[in-house]
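Shown below, as structure tokens, is a lone chain in the form predicted on its own; questions about how it binds or moves come after it.
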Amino acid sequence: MSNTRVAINGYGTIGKRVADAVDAQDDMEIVGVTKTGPSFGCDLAVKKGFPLYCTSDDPERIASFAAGGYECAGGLSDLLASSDIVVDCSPGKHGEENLATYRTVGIKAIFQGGEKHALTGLSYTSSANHAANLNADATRVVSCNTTGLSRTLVPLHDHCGSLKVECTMIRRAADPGDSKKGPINAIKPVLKVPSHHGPDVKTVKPEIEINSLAVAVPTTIMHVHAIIADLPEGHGLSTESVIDLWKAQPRVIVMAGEANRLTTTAEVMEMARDIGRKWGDLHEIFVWEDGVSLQGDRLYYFQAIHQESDVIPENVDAIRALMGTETDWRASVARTDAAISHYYNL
């Protein structure tokens, strides 16, 4: 079977990471990546050997790459014509226009969590609904926060049969490279109640009863979730067995904060750098073991989300789902993670 030919539309914070993750896989290949015009960000694509395309088919915009010192292989239409699937990593709110383009040329598409579920009518996380996405034409990999919630809540739900959840999202204000956003010296509550995070979980696991609140704080490092989950009677779990359940899940790290001196998000991300992750990324969800407490039927815990990277391997698994090349989500996750780990440690 030939490799899946993947286009990356938007080579920014998420796009460059997805491109590397796809490039690491032995069943996929990068056909090309897009930029809006010549910029420093093009240098990385050139260094990686990824063909560079323009997000537009406008001849003047395509020609501007040469003027900036970069070879441009063509416009978006040229890239899509030679690809099997496109991973759309363009800025939010462009999804409707882009989806119309993809459907016109008959190419499968994956969007990111900045777009609404209604765009495709289908969303994705590997552990929650890989099977529901098999051979679909388009889907949306849910946001970093929804991905993080799914990784710990889905196995709990699958064990218990039902789950009622209240969570507060303590959100970073912006990505490290985004200088346009705040707050700088404030804590900003999200006054739309509930926040979109809880309902977004229901797009991939509608059986979970969940609501959420959110606040933005002046940090760029990670998100933190403070979660309260009510388990049904007869769940048969203890604090220790919940921890063991999560330790058995892919893409979840459970570690004692105090004993390992990992009591803050800064220390967690320093650990990611220490273990050699590219860009200092942490694809896994980090759960503080000493912050987990099951009291009767009520479970309390904290988890941290690296907003720039936890969705990256999910995009790779979503490619396999839409292409129908791997029906078992655990098999896809194992393959994805092993390839990324090898690629990043070369």
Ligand code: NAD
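For clarity, every value in this text was computed on a predicted model and none was experimentally measured. Numbering starts at 1 and runs along the sequence shown.
Quick note: we don't show the form predicted together with this ligand, though the next part is all about it.
Inset, instruction - Tell me, please, which stretch of 300-308, 64-72, 22-30, 279-287 lies within 4.5 angstroms of this ligand in the predicted complex when heavy atoms are compared? - result: Only one stretch qualifies here: 300-308.
Legend entry - Option touching this ligand, based on a heavy atom within 4.5 Å in the predicted complex, out of R172, H225, H197, R151: Looking at the other structure, the residue within range turns out to be R172.
Inset, instruction - Quick one: from P250, G161, G121, P91, grab the residue that has a heavy atom within 4.5 Å of this ligand in the predicted complex. - result: Selected residue: P91.
Inset, instruction - Decide whether G114 counts as a contact residue for this ligand in the predicted complex under a heavy atom distance cut-off of 4.5 Å. - result: Looking in the predicted complex, residue contacts with this ligand include G114, since a heavy atom lies within 4.5 Å.
Inset, instruction - Answer for C144 alone: is it within 4.5 Å of this ligand in the predicted complex, judged on heavy atom distances? - result: Close contact exists here: in the predicted complex, C144 approaches this ligand to within 4.5 Å, heavy atoms only.
Legend entry - in the predicted complex, N98 touching this ligand (heavy atom, 4.5 Å): N98: yes, in contact with this ligand in the predicted complex.
Inset, instruction - Using the partner position in the predicted complex, report whether T336 sits within 4.5 Å of this ligand, counting heavy atoms only. - result: Result no; T336 lies far from this ligand in the predicted complex.
Inset, instruction - State yes only if every one of R320, M323 and W329 has a non-hydrogen atom within 4.5 Å of this ligand in the predicted complex; otherwise state no. - result: Zero of three within 4.5 Å in the predicted complex.
Inset, instruction - May I ask you to list the residues of 36-55 that have any heavy atom within 4.5 angstroms of this ligand in the predicted complex, in sequence order? - result: In sequence order, T36, T55 come within 4.5 Å of the partner.
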